[in-house]
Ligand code: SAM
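First, one chain by itself: the form predicted alone, in structure tokens.
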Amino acid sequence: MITQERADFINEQEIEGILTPRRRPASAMVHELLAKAREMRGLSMEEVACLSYVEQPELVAQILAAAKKIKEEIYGTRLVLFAPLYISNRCMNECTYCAFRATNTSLKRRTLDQEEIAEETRTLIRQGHKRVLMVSGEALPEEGFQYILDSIATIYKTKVGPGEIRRVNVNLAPQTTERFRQLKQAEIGTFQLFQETYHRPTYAAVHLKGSKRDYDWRTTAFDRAMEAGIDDVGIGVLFGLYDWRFELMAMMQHIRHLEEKFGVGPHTISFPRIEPAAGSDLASRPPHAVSDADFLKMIAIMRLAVPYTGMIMSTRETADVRRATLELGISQISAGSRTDPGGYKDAEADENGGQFQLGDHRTVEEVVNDVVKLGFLPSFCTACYRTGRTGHDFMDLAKPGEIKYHCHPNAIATFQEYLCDYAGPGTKSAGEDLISIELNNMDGKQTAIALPMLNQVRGGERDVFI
């Protein structure tokens, strides 16, 4: 084990004290908390716990409605699209819920070389993507960590016509501070890492061997990342391993720790639920399965608790569940995903090398069509990271509402790029109609910014942003 410090900011005794007694809150208390939440001041751990026990249908509906209002106020109709790019499924760990587990002999193992990574990237670019989440199993090839750095560089330098990947986020094993500095120098966007579960006994039970067994090394990874200058980090829990209410409380503790130590919390929160995975009986029968109703309520509560934090929904979930989450707080979704290395180039191959079963198999264009019909504006924007609007600077614009004068025009410009370069006739027509609606709904200042950008894109310019 390589731990140098304990993650004492995760306090199970405090969590259990807050979650006990487990009883439904009175209607008056719920109304009071929702009134506070609608002021976009966030919620405390105790308040999150209180709302988590609401079961009365009329009160649950009010929680969902409050989350919808806050999401609309902060994000408007914007919905960022991205794709995961798996470069390797080789792993040294034995995680009982994951197809990548070291002892899973049924998995077809593969580590992409740099040309294969470039080909995967070209496929994603042809689909219209501008942002990827690079994912690797926790076993490096002979090149060691240089393989990761080379892979990031390959993705960035790969071009197809007017298209390119403009932001590479990464989901990797916990690193040393020095390696995080190297990732920062490689110009990554967000460093994403899922804790899987914050409950120590459960964590020990599902991680049987490998470096991932070290709970504290994993939980303190964001400290090292932020000390190295990476101020955009993305947290998440694999819901289904332990009680979801406990996990929300621990996540709130982690957020509180980052805010107290670094002055800013996570850039994003992800909400993966366990899905069946090859070679894993546990993944097919989650010990603490989360119902759809609780899942939606959980997402809504977290939107109330951390109103300015981005929230991500992957293609683990079905199209119907994903649709339901969009109004409740989700601001980023993956589209056209594959979780097997090389899966984009060979889209007809089976997913035997994938990390888990997908719930949403639609193409990027099908997802774009769907969200447009729902009234959401697909965004392929990557401007904030490249202009330094991250960490404190992002929050300084987000909290007073000024970020909309950057994000909304950028979203429209990048969606126009997609319509010009990648969309079929039906999608283009529906998208142009949506852009007209968005322009009509903008205030004068936004319109004055967005119209010249649109004209530039329609005139052939690319990567137009503010």
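Numbering starts at 1 and follows the sequence shown. Keep in mind the model is a prediction, meaning the values are calculated, not measured.
Missing here is the form predicted together with ligand SAM; even so, the following discussion is about that form.
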Worksheet item: Looking at 111-119, 290-298, 172-180, 140-148, which one sits within 4.5 Å of ligand SAM in the predicted complex if you count heavy atoms only?
Response: 172-180
Discussion item. Can you work out whether residue 355 and ligand SAM are in contact in the predicted complex, taking contact to mean some heavy atom pair no more than 4.5 Å apart?
Written reply: yes
Worksheet item: Should residue 242 be classed as touching ligand SAM in the predicted complex when contacts are defined as heavy atoms within 4.5 Å?
Response: no
Worksheet item: Closest heavy atom of residue 360 to ligand SAM in the predicted complex, within 4.5 Å or not?
Response: no
Worksheet item: Can you check whether residue 333 is within 4.5 Å of ligand SAM in the predicted complex, heavy atom basis?
Response: no
Discussion item. Suppose contact means a heavy atom within 4.5 Å; in the predicted complex, does that hold for all of 100, 194 and 238 with ligand SAM?
Written reply: yes
Worksheet item: Considering 249, 277, 79, 83, which brings a non-hydrogen atom within 4.5 Å of ligand SAM in the predicted complex?
Response: 277
Worksheet item: Heavy atom within 4.5 Å of ligand SAM in the predicted complex: which of 136, 379, 219, 337?
Response: 136
Practice prompt. Sequence order please: the residues of 443-458 with a heavy atom within 4.5 Å of ligand SAM in the predicted complex.
Written response: none
